[in-house]
Ligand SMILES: Cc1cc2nc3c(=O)[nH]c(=O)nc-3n(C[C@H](O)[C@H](O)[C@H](O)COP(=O)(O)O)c2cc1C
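To begin, one chain is listed below as structure tokens, in the form predicted on its own.
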Amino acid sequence: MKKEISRKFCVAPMMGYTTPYARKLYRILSKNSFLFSEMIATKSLIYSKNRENIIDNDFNNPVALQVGGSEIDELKKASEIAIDYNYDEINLNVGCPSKAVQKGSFGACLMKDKILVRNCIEALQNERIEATLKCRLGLGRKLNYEFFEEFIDEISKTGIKIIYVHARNAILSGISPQANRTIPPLNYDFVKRIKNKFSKITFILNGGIDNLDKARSLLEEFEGVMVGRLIKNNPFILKDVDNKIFKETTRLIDETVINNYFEYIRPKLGIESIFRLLSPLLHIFFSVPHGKIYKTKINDYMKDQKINLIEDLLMKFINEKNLT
């Protein structure tokens, strides 16, 4: 049976970042945020020998598994795998504009074929897990509300309940995936219009939300927001989410946060690369004066697998920068 889950504040799926290790850190920092895996190609999900390291959940719920694919049989299998790994949701990516994704016939290019996307959602649907969609407003450099509405209208025929919308178009050629997060103009008005027309669907707004005050303000108009780069660049912002967004008591960053995370990653040393284990924490040095000094020391310690020295250094950094 599907659970009733708040998607008021979601941490976006980010390739190379929202790994099982990042999600563990995010969950330590915020108990209410709704988390996402990286986008995982259905073929990797089904056939990869490293699947455990890619999709391990470890009770980080509430959490969604995001997949990329358009083969109906593979999507059905992906849904069963998500259930087996105790995910609360399986989400189809129809927003990534990268060339590699286009070559695999998934991501934003699927918005060209709304019938196929409808069939993909139907393949993912299962009474034991929520099947959702993450999309863009459209394709190309020109915004077209009619295209967006026709696309959502077709998808709505599946009975889908939740759609995440990155409120920009996807430009499939001429600019990089990174530029696709900034160059196509934002248009929140399209999302407002679509949510009013399709009132039975919950639309979660993604794109351009660069601080928690803006997130809180947008929640006056939308039922949920999705934030990515803000959390990637400084995951400790999540410590304020439960207070500012969910009205709970402020949680401090103290030694237990670091201790809990290192207790989680220590048994994985030698199985997983130390950089992949530590990368979620390294972003706390983003835009911090003298942060490069700490990063240099940590890189030296990582080469020698000196995990205890890294933990001590992170403790020192947090205390010195008053992150508590």
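Computed from a predicted structure; not experimentally measured. When you see a residue number, it is the position in the sequence shown, counting from 1.
Heads up, the form predicted in complex with this ligand isn't pictured, but that's what we're talking about next.
> Tell me which of 239 to 247, 112 to 120, 192 to 200, 220 to 228 has residues with heavy atoms within 4.5 angstroms of this ligand in the model of the complex?
Result of the contact check: 220 to 228.
> Identify, from the list 298, 63, 39, 277, the residue with a heavy atom within 4.5 Å of this ligand in the model of the complex.
Looking at 298, 63, 39, 277 one by one, just 39 meets the 4.5 Å heavy-atom criterion.
> Just one of 169, 132, 93, 79 has a heavy atom within 4.5 angstroms of this ligand in the model of the complex, so which one?
Spelling it out, the residue with a heavy atom inside the cut-off is 93.
> With heavy atoms only and a cut-off of 4.5 Å, decide whether residue 12 touches this ligand in the model of the complex.
Yes, contact at 4.5 Å.
> Using heavy atoms and a 4.5 Å limit, would one call residue 181 a contact residue for this ligand in the model of the complex?
The answer is yes: residue 181 has a heavy atom within 4.5 Å of this ligand.
> Given that the partner is absent here, does residue 207 sit within 4.5 Å of this ligand in the model of the complex, heavy atoms only?
Because a heavy atom of residue 207 falls inside 4.5 Å of this ligand in the model of the complex, the answer is yes.
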